[in-house]
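Shown next as structure tokens: one chain only, the form predicted alone.
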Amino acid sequence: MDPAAIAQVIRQHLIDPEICIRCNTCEATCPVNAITHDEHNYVVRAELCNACLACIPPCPTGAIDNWRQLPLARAYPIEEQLTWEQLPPEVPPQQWASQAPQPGGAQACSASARSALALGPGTRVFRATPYGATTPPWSAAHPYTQLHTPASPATATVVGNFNCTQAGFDSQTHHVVLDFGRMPFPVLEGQSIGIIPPGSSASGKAHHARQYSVASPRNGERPGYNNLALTVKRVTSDHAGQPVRGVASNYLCDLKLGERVQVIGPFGHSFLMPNHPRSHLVMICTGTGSAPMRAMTEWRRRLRNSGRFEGGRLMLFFGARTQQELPYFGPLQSLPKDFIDINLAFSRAAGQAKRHVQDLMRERAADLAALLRDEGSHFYVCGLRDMEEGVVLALRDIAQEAGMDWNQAGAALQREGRLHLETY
């Protein structure tokens, strides 16, 4: 064994498979592509991780924040991490020498692996992630998190389940309402929950929880009832268009009224809405990313109807492939125009040029520039990961064309919890 490798001690970054809900936030956030996954676990490549901690704040469960001190030669390889059901215990230094080296561990780090990530000379890639806030707005309500874990899930009853996209098309998105009865399950707009599908995978392992944003406001889908709603798209193909049956999405979409569901959470402590009067919301989403936007909009609508809100602008930029695939299209049309400014983008509408949410944002540059100047404005982005860079680039360009210093404006949005990114 290489004495130098034994002498070099590292803090290996590991993800707890018992708590992780496989939301992909860590992999999407990691700036050096050190995080990967298979159908069971999310893992960290020790030879690539530089301990920058960028993935720590966005993780909704805290599963990402685990470390083991050990010799470099004994670092856990990803092949072993992918098989874990739980984290290994900490090994005291006195036992380091008695353990066999880990095949394929960090000592196998190659120069080619690092160079594969290197950019060419002069190449500059815009990354939206650094602008995303990890703190909530100063006036947000206090969130409760992780009240129910995989070891002690809550049980909810299905009290509503219907397709909220236009009927007669292959694409289906369901509005699922879960009631918790007398079990306390407090949530805020912008938080999420985990659903544990019953049964096991082909390898015999129990299904892990899948995360869904809450689509109803804090006082319930039906005010005064202890319930909440989810927006669930039935998954029938993967990102490459190949047929695949989503385990949790099909389970939820097929649920009948009265059936019982295992739930963990709530999760999320920063993607929260402001409570102070006259604060503005700019909501940018695609597909089921509309769930937290629906929750925020409905809470503001209830406040306005009760006379407990002084106003504050709401702008919605909502994208889908077609109108038929847009969740809640009908209810959106019934919202008063003096309450919310709705902008819809369709990328596959027959006979029309492709339009994405960032295209609409650039068309509304004058309005967004005014909101970027207003310290009461809060921006929320939720949906497919591909949209994130385009949306933040649009905000940057709008700010610069309006004469603002984006370095200052973007930093202020991040620092003050006024730009939140949640993509998958």
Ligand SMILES: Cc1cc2nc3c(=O)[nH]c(=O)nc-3n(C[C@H](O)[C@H](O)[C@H](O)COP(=O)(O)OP(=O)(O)OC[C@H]3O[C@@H](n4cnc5c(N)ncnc54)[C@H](O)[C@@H]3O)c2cc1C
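Counting begins at 1, following the sequence as shown. Note that this is a predicted model, so its numbers are computed, not measured. We call the rigid core the largest set of C-alpha positions that still match within 1.5 Å between the two forms.
What comes next is about the form predicted in complex with this ligand, which is not displayed.
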> Can any non-hydrogen atom of F318 be found within 4.5 angstroms of this ligand in the predicted bound form?
Replying inline: no
> Could you tell me if S237 has a non-hydrogen atom within 4.5 Å of this ligand in the predicted bound form?
Replying inline: yes
> How about S171: is it within 4.5 Å of this ligand in the predicted bound form, going by heavy atoms?
Replying inline: no
>> Just checking whether R300 would be counted as a contact of this ligand in the predicted bound form - the rule being heavy atoms within 4.5 angstroms.
In response: no
> Which of these stretches, 275 to 283, 246 to 254, 216 to 224, 319 to 327, has heavy atoms within 4.5 Å of this ligand in the predicted bound form?
Replying inline: 246 to 254
> Which pick from Q211, Q81, S270, N161 sits with a heavy atom within 4.5 Å of this ligand in the predicted bound form?
Replying inline: Q211
>> Between A156, M296, V232, A75, only one gets a heavy atom within 4.5 angstroms of this ligand in the predicted bound form; which residue is that?
In response: V232
> Using a 4.5 Å cut-off on heavy atoms, what residues in 395 to 424 are near this ligand in the predicted bound form?
Replying inline: E422, Y424
> Just checking, between the shown form and the other one and with the core aligned, does S377 shift 2 Å or more at the CA?
Replying inline: no
> Q414: CA shift of at least 2 Å between the shown form and the other one after core fit?
Replying inline: no
> Do the C-alpha atoms of G376 and T29 sit closer or farther apart in the predicted bound form than they do here, given a shift of 3 Å or more?
Replying inline: farther
> Quick one: T29 and R210 C-alpha atoms, closer or farther in the predicted bound form compared with this form (3 angstroms or more)?
Replying inline: closer
